[in-house]
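Quick heads-up: it's one chain on its own, the form predicted alone, in structure tokens.
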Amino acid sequence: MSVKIEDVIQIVEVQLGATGARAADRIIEDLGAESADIVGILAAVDAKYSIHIDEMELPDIRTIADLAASITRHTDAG
């Protein structure tokens, strides 16, 4: 399944109440996400794509592009 980066950006923006996010933005450092925000982002991703991203993967997901890549891996594996 092809994941559109624009869709992932929109999920992140909605969860953080942000605008103008880019694929290279770091979710915590650049966009200011906190623990509860990360949980919300993952819940939205899980619901939209019918996947589950395990918390063990979180250290590898720093940017929006990393999140999109993780979603792609999960949807391709399923």
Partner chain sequence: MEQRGKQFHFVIGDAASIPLQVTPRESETAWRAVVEMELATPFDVSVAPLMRVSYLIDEGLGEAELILTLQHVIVDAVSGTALLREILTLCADLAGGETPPQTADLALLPAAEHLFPARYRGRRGRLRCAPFLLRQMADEIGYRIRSRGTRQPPVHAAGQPRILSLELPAAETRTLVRRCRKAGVTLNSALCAALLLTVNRELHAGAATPLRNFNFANLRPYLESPLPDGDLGSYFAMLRITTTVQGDMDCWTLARELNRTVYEAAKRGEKFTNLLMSGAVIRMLFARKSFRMGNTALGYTGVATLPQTYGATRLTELHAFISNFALGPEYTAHVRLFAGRLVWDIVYLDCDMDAAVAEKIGRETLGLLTAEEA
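Remember, it's a predicted structure, so these values are computed and weren't measured experimentally. Numbering follows the first chain given and starts at 1.
Not on display, but discussed next: the form predicted together with its partner chain.
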| query | finding |
| --- | --- |
| R26, heavy atom within 4.5 angstroms of its partner chain in the model of the complex | yes |
| Interface membership of P59, its partner chain in the model of the complex, 4.5 Å heavy atom rule | yes |
| Interface residues of 16-55 toward its partner chain, as seen in the model of the complex [heavy atoms, 4.5 Å] | R26, I28, E29, G32, A33, E34, S35, A36, D37, V39, L42, A43, D46, H52, I53, D54, E55 |
